[in-house]
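One chain comes next, on its own, written out as structure tokens in the form predicted alone.
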């Protein structure tokens, strides 16, 4: 394999530090520092520094903002890597440039979900030890740790590694300070016709294995709530499919936003063209329609046939304490649906409008996740306790901001050491 000419720059701005990139990294680092400081206060004072309180006697909620974002990040992870796997399985070559974006989004989101769980435990070390001592394998909680945060993350990392070997081999031809990393990642891969065929077979069968794992993992998160028979608002057969669908909505929506950012900052307008966004917009439109149907089904059932406590909880969502969040989330869903439908019917797709739709569905997804987690604890008691309340503390918001800052930081650093968009095959010299 011949090396590129001396002085040839690495693709997609790798290794080049710009003022804009430094600004983004600096803001993300500030958010991370703020989150670490807030968590240090919680670690020293205990969860009493948060808005979390025991159910019933203390009139609070034991799951709050942290668990909301555990579910949200898990959903984003599902959407990212599922789309990347389906690109391989269905040979959607037009969408191949966003495959690595989906894989990277999944790995980062799962790491953030794992950190959110550890923060929510209050004493994470004791929680991890007790997981091995007292875990019940038949429990969905056990599946959350083993399938979602262990098997799911491991499979996503392997998929990201295998998918990147070819681009690592290409980058290793250019003399740079990162050449050792590319050679290590390529692990002897030379991109010969035989190696390409083996690479495609391995990627295909890994995608075959990973898609059902992802569906089971995301459904398991839904079962954590849906199998609790004594908790109105959670006990429902719709929870698992609704979790999977909303995961796809948030994952594809955030992928559209990330792809638009990468298109601009990495100079990948040719690879991330309008057709890529048009396909993503069509997929997002279908997912939003399916989720709104599931949401309407759930509300109709709870309103007309639910027990007394179930109806009381639904009234709190529609007209009571949580009405503001519910109607705001529904408005975001409907506004994004209108934007997507207009573009689909007129066939005038706009990347800025798709980005707006992606942001709206993610804001709606966060609100809906909050409404899944909190109201059933404060207003869904079957025991004769009064209605409770939960208001996140500033420290909780700071920790969540720190998690988002960490996610931005990881993606920004990855962009400066490796091609975040898969390199086209024509960049590989013939006979190399």
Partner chain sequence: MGITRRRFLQGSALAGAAAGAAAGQRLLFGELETVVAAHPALAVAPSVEDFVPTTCWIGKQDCGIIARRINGRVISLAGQPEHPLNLGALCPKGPAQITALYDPNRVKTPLIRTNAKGQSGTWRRASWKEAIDLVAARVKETRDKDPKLVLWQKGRSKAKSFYDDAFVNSLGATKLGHGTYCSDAGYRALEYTIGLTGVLHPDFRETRYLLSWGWNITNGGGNKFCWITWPRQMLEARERGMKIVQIDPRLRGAGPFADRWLPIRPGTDLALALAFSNVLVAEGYVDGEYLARYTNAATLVRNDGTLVRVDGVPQVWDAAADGPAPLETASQPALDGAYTVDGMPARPAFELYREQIASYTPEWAADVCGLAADEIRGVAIEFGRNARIGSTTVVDGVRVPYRPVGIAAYHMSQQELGFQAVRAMLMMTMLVGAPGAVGGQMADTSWKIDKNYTALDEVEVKDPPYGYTLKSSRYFPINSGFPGMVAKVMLDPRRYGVEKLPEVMITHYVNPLVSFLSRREFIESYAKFKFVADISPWLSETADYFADVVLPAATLEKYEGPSSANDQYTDAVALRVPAMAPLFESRGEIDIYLDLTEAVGVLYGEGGYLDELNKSLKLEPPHALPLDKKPTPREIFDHWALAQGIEQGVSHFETKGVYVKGPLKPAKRYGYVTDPPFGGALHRFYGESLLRYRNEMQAKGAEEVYWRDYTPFPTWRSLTMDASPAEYDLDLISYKLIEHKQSRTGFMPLLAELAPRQRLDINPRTARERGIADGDEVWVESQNAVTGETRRVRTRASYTEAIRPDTVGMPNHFGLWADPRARERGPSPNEIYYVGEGYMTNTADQSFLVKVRVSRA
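Residue numbers count along the first chain shown, from 1. Keep in mind that this is a model prediction, so the values were computed, not measured.
Another form exists, predicted in complex with the partner chain; not displayed. Remarks below refer to it.
**Student:** For the chain seen here without its partner, which of 355 to 363, 129 to 137, 321 to 329, 260 to 268 has a heavy atom within 4.5 Å of the partner chain in the predicted bound form?
**Tutor:** Single hit among the candidates: 129 to 137.
**Student:** Considering 297, 346, 303, 123, which brings a non-hydrogen atom within 4.5 Å of the partner chain in the predicted bound form?
**Tutor:** Of the listed residues, the single hit is 123.
**Student:** Of the residues 187, 90, 274, 341, which one places a heavy atom within 4.5 Å of the partner chain in the predicted bound form?
**Tutor:** For this set of options, the contacting one is 187.
**Student:** Is there a heavy atom of residue 293 no more than 4.5 Å from a heavy atom of the partner chain in the predicted bound form?
**Tutor:** The answer is no: residue 293 has no heavy atom within 4.5 Å of the partner chain.
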